[in-house]
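Single chain ahead, written as structure tokens, the form predicted on its own.
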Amino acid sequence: MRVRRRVGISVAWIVSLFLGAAVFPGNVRAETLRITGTGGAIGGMRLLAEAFRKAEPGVEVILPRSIGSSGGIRAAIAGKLDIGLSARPLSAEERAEGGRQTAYARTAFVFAVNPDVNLSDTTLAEVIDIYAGRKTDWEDGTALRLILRPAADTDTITLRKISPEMAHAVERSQKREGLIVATTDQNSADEIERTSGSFGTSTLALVVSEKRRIRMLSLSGVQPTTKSVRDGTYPYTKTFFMVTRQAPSPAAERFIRFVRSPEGKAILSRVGHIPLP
């Protein structure tokens, strides 16, 4: 069987959505902020954008679909986005090209299943068996449908860093035939939602902020919550960054300050984020 791959959204296509400035009544042109990147951050950013618009009605914030961390970084450095959202830090090359990053929140990296799966807890050993292909059915005999992410995706990188055994299992999973490969965080959540017996990865921030109909699993009895991330009992996390050029626009600077303000942090805290100082 051939691997089914969801087609990603190209940066060029997304940028075409931004042509033309936002126009307010009376033909008064507003400042426009263009923000996208990693899908895990977009749900929280939408809520921040709504609050920011109320605070600054002269700024229009556009948040299109995810183009991934690397897409958001490239577009921000190229000036096609005002702010790129990333679930990884900038590389040395990206910093040399003029990228600037602001870490603003952490969230739990989670294992999740379709609600029809009779499972609420998993173990690292079981997850390794799933990715290695040793576990292909659930306990009731129904097929286990693993939803993969691309090899270079931050979810895949996060998995590899868990342990050498997990890294080996992930490498094996990338060679398996017939698996669904979801190219963005939203694609992955979509596939977990609609695929019977599915198992995949996501983040607490995405599931909560987008009100996704998927079940996040506890890991050896520890629930992925903001509290368990804060106290270190839940060990796996992702950090979100806002990426700009070295000299971002005044509107982008104000938005970044808003995200890091008490009001912005309160919004993030309500939807599965742990704001950073």
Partner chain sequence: MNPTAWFGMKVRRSMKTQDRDLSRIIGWLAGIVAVVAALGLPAVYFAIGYNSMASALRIEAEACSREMNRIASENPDMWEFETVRIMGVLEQRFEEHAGDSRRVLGSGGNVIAATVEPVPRPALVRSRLIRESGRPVGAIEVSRTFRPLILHTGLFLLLGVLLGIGVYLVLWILPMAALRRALGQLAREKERAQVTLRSIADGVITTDAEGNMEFMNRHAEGMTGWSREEAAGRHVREVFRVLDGRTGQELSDPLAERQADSRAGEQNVLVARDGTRRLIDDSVAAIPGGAAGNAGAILVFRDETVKVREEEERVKWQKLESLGTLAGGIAHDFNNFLAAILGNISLAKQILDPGSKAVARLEAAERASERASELAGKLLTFSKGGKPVRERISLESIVQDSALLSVRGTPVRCEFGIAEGLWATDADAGQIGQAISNLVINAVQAMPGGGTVRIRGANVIIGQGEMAYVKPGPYVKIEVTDTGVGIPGKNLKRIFDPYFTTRENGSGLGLTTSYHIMKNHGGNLFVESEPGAGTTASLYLPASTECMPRVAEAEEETARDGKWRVLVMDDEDLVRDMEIGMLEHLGCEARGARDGSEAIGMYKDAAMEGMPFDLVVMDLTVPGKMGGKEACARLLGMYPDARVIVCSGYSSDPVMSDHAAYGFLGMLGKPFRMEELKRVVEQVLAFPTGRARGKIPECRKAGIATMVAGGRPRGLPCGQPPGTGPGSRRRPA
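Predicted model only: the values in this text are computed from it and were never measured. Numbering follows the first chain given and starts at 1.
Omitted here: the form predicted together with the partner chain. The next part is about that form.
Put simply, Lys227 is far from the partner chain in the predicted complex: not one heavy atom of it is within 4.5 Å. At a distance threshold of 4.5 angstroms between non-hydrogen atoms, Ile67 is in contact with the partner chain in the predicted complex. Under a 4.5 angstroms non-hydrogen atom cutoff, the partner chain in the predicted complex lacks Gly197 among its neighbouring residues. At the 4.5 Å threshold, heavy atoms of Ser202 stay clear of the partner chain in the predicted complex, well away from it. Segments offered: 163 to 171, 73 to 81, 120 to 128, 203 to 211. Contacting the partner chain in the predicted complex at heavy atom distances within 4.5 Å is 73 to 81. The candidate site formed by Arg34, Asp153 and Thr183 is fully in contact with the partner chain in the predicted complex, as each residue has a non-hydrogen atom within 4.5 angstroms of it. Residues of 108 to 128 placing a heavy atom within 4.5 Å of the partner chain in the predicted complex: none.
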